[in-house]
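Just the one chain here, the form predicted on its own, laid out as C-alpha cells.
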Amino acid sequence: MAQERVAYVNGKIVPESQAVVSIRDRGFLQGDAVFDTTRTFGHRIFRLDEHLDRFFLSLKYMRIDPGLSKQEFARLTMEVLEANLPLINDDDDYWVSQRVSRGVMVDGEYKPTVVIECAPLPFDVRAKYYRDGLPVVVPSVRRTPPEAQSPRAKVHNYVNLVQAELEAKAHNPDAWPILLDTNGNLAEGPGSNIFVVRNGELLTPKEQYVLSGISRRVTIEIAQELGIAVHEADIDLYDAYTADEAFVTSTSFCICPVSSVNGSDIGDGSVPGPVTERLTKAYSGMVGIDVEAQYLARLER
C-alpha cells in the first residue's frame, strides 16, 4: 500500500487497485454523476472551498444528495491527499477530485457512490505547450447548448467534449479543441476556458455558455488587480483570428498561451504575449510556484 495511491470510496480509504464501482452504477451506465477537481501547488491544495462550493451547486443541479456535508468532503479530501503526497517528488503535484454518482438502485432507491481521488499532473506531456503555445483547433462539434444541458454544471457526461477532442486531434495530434456554441461563438474546451487579448483588454465567453472555471475566475481577479479590463462577450472566429494574444485557463494549465487557431497564428505567432506573460507571472506569485517553469523544467530533463 505504501507504493500505491489510495482513494476514498463509499466510506473507506483503500488502495486504488481496490477502488471499484459497480457495473450497475448510474455514473458508469449513463454518465449520471458530478465531479470537481482542484490541484496542488508545491503539495498545497488550491482553493478547495471554492471547488467544493461549485461541486455542491452541480450536485443540486443534478438533484443528487451525496450523503456527506461540504465539511466532511473537505476533511476526507485532505486525508486522501496527505496519504498520497509521499508517493510523488517534491517538484510534482496532484489533481485532486471529488466524484458522486447517483449510484446503484437498492430496495427501490438509489444509493450514491462517493469517490475522492488524486492523479499526478501531466507535466511531461503538456510541457511543450508552454514552449510552443497551444495550437487550438475549432471542431465542427458544437458545445451542448444550455437549453439542452447546462454547461455550468460539472458532470461526468463528457461525450460532447470527447467527440470534439477526437476530431481536433485527427487534424493535429497536438491540437487543443475549443468548441463553438450553437450561435457560432467561442465557448470552451475540455476542462478549459478561452481568453483573447485585444488592445490590452481581455475578452472571454459569457458564463451562461461555459463552465465558470476556478482558474478563469482567478485570472479575472488578477487582471482586475493589475488594472487590465475584462469583458464577458460573444467572441467569434474573426475575433480569435485577429486577436493580439490568446490563452487558455484550466486547473492544470493555470494560464497557457495559444499560438494559433485553425492554423492561423495569433499575433506574430510568438508566445507568450506581453499581457499573457504578465498575468502568468502574477498567477505564479499568488500560488507560490512558477507555473510556467514547473512545466518547462520537464523539457530540460
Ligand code: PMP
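Heads up: residue numbers just count along the shown sequence, starting at 1. Nothing here was measured: the structure is a model prediction, and the numbers come from that model.
Just so it is clear, the following notes concern the form predicted together with the ligand, a form of the same protein that is not shown.
Novice: Do G213 and the ligand share at least one heavy atom pair within 4.5 Å in the predicted bound form?
Specialist: Although the ligand is absent here, G213 would touch it in the predicted bound form, with heavy atoms inside 4.5 Å.
Novice: Using 4.5 Å between non-hydrogen atoms, is N193 touching the ligand in the predicted bound form?
Specialist: So N193 counts as contacting the ligand.
Novice: Does the ligand get within 4.5 angstroms of any non-hydrogen atom of Y158 in the predicted bound form?
Specialist: The answer is yes: Y158 has a heavy atom within 4.5 Å of the ligand.
Novice: Is R99 one of the residues lying within 4.5 Å of the ligand in the predicted bound form, judged by heavy atom distances?
Specialist: R99 lies outside the contact set for the ligand.
Novice: Out of the stretches listed (263 to 271, 56 to 64, 249 to 257, 229 to 237), which one is close to the ligand in the predicted bound form, meaning heavy atoms within 4.5 Å?
Specialist: That would be 249 to 257.
Novice: Are there residues in 154 to 189 with a heavy atom within 4.5 Å of the ligand in the predicted bound form, and which are they, in order?
Specialist: The stretch touches the partner through K154, Y158, L161, E188, G189.
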